[in-house]
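Just one chain follows, in the form predicted on its own, and it is written as structure tokens.
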């Protein structure tokens, strides 16, 4: 019964929100807004659980894995500092310690991580663009043409810009729409499986 009650709740809520989407009225808008409020409440209540899970996992990593102890300690120390400095009422004001840490520590770390992604993208592009087949050769040639639009080539630039515009608006758009349609159908299928209780991974197991 402990596992059946969440399935019934998901089934009823899924059917209700599907129906309210296709029946526009003040009542359906109220149901939608009421449901959105519940989503925010559940998200807020899930935040302490996520924090506890993070702290517990990091602490266990520090205890059981000596090689990871330093990094786990830095992570716990950073969490404690940001939490303590953010508890003050004026923490979101410019010049506060919390905002100083956010702007001069957290943002540079994020920028560093994202900058490293450029090297992984370049490596993946090199592996994908190697002309081992006709399709890979077409992909390489198209990528080369699209990248040339950023380079001033005189009269050739106008021709290249027109060609790039056609590539982006016709074959690229067709492929993008096909992907979006596939993603939409996959999302619908997943939602139906969740509503009907076929997909139960959100329960943790089964």
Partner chain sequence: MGHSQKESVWGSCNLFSRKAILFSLTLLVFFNFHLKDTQAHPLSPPTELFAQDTPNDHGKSISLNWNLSPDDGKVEGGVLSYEILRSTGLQGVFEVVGSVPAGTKEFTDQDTALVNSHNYYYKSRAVAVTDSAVSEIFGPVTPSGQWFHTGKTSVFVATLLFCLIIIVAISYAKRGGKLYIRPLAGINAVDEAIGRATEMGQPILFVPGLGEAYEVATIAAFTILGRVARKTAEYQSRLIVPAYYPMVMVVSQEVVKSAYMDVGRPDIYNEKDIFFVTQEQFPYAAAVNGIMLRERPAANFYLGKFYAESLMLAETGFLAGSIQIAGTDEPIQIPFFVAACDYVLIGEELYAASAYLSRDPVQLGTLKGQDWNKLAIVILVGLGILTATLGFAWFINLFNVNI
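If you superpose the two forms and keep the largest set of C-alpha atoms that fall within 1.5 Å, you have the rigid core. Numbering follows the first chain given and starts at 1. The shown structure was predicted, so the numbers you read here are calculated from the model rather than taken from an experiment.
The same protein also has a form predicted in complex with its partner chain, omitted here; what follows describes it.
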Checklist entry - Given that the partner is absent here, does residue 4 sit within 4.5 Å of its partner chain in the model of the complex, heavy atoms only? => result no
Checklist entry - Is there a non-hydrogen atom of residue 54 within 4.5 angstroms of a non-hydrogen atom of its partner chain in the model of the complex? => result yes
Next on the checklist: Would you classify residue 110 as touching its partner chain in the model of the complex, given a 4.5 Å non-hydrogen atom cut-off?
Outcome noted: yes
Item to check | Contact test in the model of the complex: residue 66 vs its partner chain, heavy atoms, 4.5 Å | outcome: no
Checklist entry - Going by heavy atoms, what in 179-198 lies within 4.5 angstroms of its partner chain in the model of the complex? => result 179, 180, 181, 182, 183, 185, 186, 187, 188, 189, 190, 191, 192, 193, 194, 198
Item to check | Flag for residue 137, CA shift 2 Å or larger between this form and the one not shown after aligning core | outcome: no
Item to check | Rigid-core frame, C-alpha of residue 28, shift of 2 angstroms or more between this form and the one not shown | outcome: yes
